[in-house]
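Shown below, as structure tokens, is a lone chain in the form predicted on its own; questions about how it binds or moves come after it.
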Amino acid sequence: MSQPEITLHGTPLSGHAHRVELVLLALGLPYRIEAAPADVRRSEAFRALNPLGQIPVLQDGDLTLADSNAIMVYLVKRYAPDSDWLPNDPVTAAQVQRWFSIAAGEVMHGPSIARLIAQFGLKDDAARAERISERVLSFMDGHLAGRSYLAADHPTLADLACYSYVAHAPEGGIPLEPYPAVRAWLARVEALPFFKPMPRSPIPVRAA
């Protein structure tokens, strides 16, 4: 019996949706994208899928699941439980979880918020987002010195969780030039055979 098609609700410029799409591509799963711009997310139909009105949302048969990190874990545990994307050994599994926390914390409140301010007019503290970005990128650069990937010696969900907003940090005026190890890591992720880039936002932004 063939695998039914999975539906991913998101937008092309959402890093949260992009990281889920990378997992779908890595696992070779059939899927379709259902556009969920802001007006759709305010609708009753979408709020029935996710009362918080956030993307991405994944529908897989009778399952409806929100939160990008939760979706990534589900996909690997459901369709590739013995793969290296989420290793079973406790140390590596803990390292992946640590980077999930960083993706939802410093990466979100740094590069992602800076991009939302510059590209989409979010009313937030740009100086704070810049400070957080510098801190997390400096940390990542030191961590990646002598390492190929974030949580193991091979790509894991940690890399896919952190990639999109770090790669698009310049769209928020956050330069990547000072972080050579981060840039080398981005290139390694982009060289993975299934990789699909997230479209660039249209507004050019100068680094502060």
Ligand SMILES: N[C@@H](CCC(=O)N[C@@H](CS)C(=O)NCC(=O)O)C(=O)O
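Source: prediction; values computed, not measured. Counting begins at 1, following the sequence as shown.
What comes next is about the form predicted in complex with the ligand, which is not displayed.
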Quiz item: Taking heavy atoms only, is Asp60 within 4.5 angstroms of the ligand in the model of the complex?
Solution: no
Quiz item: Is Pro170 close to the ligand in the model of the complex, meaning a heavy atom pair under 4.5 Å apart or at it?
Solution: no
Quiz item: Do Pro155 and the ligand share at least one heavy atom pair within 4.5 Å in the model of the complex?
Solution: no
Practice problem: Answer yes if any heavy atom of Ile55 is within 4.5 Å of a heavy atom of the ligand in the model of the complex; otherwise answer no. | Solution: yes
Quiz item: Where, among 65-73, 171-179, 27-35, 141-149, do residues come within 4.5 Å of the ligand in the model of the complex by heavy atom distance?
Solution: 65-73
Quiz item: Quick one: which residues from 144-165 get a non-hydrogen atom within 4.5 Å of the ligand in the model of the complex?
Solution: Tyr165
